[in-house]
Every structure is written in structure tokens, then in C-alpha cells.
Ligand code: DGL
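First comes one chain, alone, set out as C-alpha cells in the form predicted on its own.
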Amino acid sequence: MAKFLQMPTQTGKIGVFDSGVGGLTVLREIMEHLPAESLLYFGDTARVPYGNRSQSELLRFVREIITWMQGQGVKMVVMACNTSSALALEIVRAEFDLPILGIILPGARAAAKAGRRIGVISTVATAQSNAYKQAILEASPTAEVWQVGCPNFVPLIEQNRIDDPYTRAVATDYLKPLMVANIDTLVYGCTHYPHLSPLMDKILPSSIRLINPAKSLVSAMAQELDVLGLRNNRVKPEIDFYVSGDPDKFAEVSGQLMGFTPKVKPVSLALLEGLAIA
């Protein structure tokens, strides 16, 4: 088990990571609802997308990122990636001695409360894991769940093609089986997908409830911070951005998604790949 390199403190940063810009949807929720917390965001843009990776690859990536974050002194890690949460969360929780939160369980519980005919759009890996289906049925055994893997969404969002007519055509095709199933609730089973909300509003009937698991995740974070006595009361929090790929490209895309252009620092893959669990 990896131990803290330093004891966590209330003023320590919360580490948030994803394969790219998707986790910014989680970061926005944290900034809004936990505004005193300092944050460290890492986008693994050199290895995006995660949705077509094997479990062994993802587990290695996640171990490297958490080990690096631990070296930065974070007090908590948030896996703002459904694929990582589905395939690696329980394993790394047993290996690292710090609080690590995933996004699937909070999202599944919110969906189970919202409806009974539930659609989940996600990466192919998350869909194949059945993590959402299992978690939803555990919370609501009478619910019906349909899952659709959407492999093209993440690359299109990372390329900032949200308003591209091709993206709308792709989304319409992905949503077709869920519409046929007459779902009443749709879960964004990938943190990238809330960036598509304006497009979804144009395609889906207004009667379908949209679930962004990030909202429920932030509530779980607040509870965990309070239980551990780690909630921060700092007036001027700090937010640092890091990526494993091109920082300028990430800054450009995230600036359009976030409404401000962050200063982004690079973290080399060689450094990450040199980190290992003792």
C-alpha cells in the first residue's frame, strides 16, 4: 500500500483527473459547490481516449497518476473518469492510503431516484463493464437499464467539434436505440458528455431527465471531507492544471469550455511511466 508522502491537511489540494477535458465538467461542479477548495487538475491527453483501453493499461495509468498526485501533496483524489472508475477504482482504493472517489456510484444512485427506464451513454469500456447497470439495479432492483457505448464522442469533444453537424448525426445514431426503448432518464456515463448538453437538448424530448453524475459526486466529496476533517475554509483557493500532452491545445479547448483560459503545465510521460507502486 502506498502511504502519504506527507500528512493531508485542510489546505491541501484535491486532485482531479481524466483522460482529457471531460473531467472539467466535474471541476466546474467542485468550483461551484466547494469554492474554498484548492484543486489540481490532470488531463492525460497524451493517452486519450481511455474508452478503448484494456483494464491492465488503465490500471497502470491510474496508478501512475495517483502516485504523481500523491507526490504533489493532494489530500483527496477524484477519478473524474467513468472508465477508470469502472475498471480500476476498487483496486487502487486498496493500494493507496488516501481517500479516492469515483463517479459511477453517485451517478447510478441519482439515476435510480430519477426514473425507472434508464439509458446510459458511455465509453465502450464502461458499457462493457456493466458498472452502471449493476449499481443502478442495486439501488433500484425494478429499474430497467439500457447501455450504449459511444466511441466517437470523446475524440469529437477533444477536437472541439461539439457544434459540428457530423457530431449531431453521430449523437442521433447513438441515441436511437434508447429512444426506441422509451427511456425516461439518461445518464451521462462519461464526464466528457455533459459538454454535449446543448446538443442533447435539441435531440431528446424534454420529458427525459438528464443525469450528470458530477453533481452527485460533489455531494459525496463534501460529506467525505467533513467526515475526515479536511474541508478547507481558505478564502482564495488555487487551481493548477497539468496535462501529459500538448498544454497549449488543452488550454485552447478548455478555455472555450470553461469560460477562462487556464495556465497549463506539462507532465512528461517518461516521468509518469517511471512511477511505480512499491
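Everything quoted here is computed from the prediction, not taken from an experiment. Numbering starts at 1 and follows the sequence shown.
Heads up, the form predicted together with D-glutamic acid isn't pictured, but that's what we're talking about next.
- Contact annotation for the candidate site: P49, T83 and H192 all lie close to D-glutamic acid in the model of the complex (heavy atom within 4.5 Å).
- Just one of V154, L196, A131, V92 comes within 4.5 Å of D-glutamic acid in the model of the complex, counting any heavy atom, and that one is V154.
- Stretch-level contact analysis of 63-71, 222-230, 50-58, 246-254 against D-glutamic acid in the model of the complex, using heavy atoms and a 4.5 Å limit, identifies 50-58.
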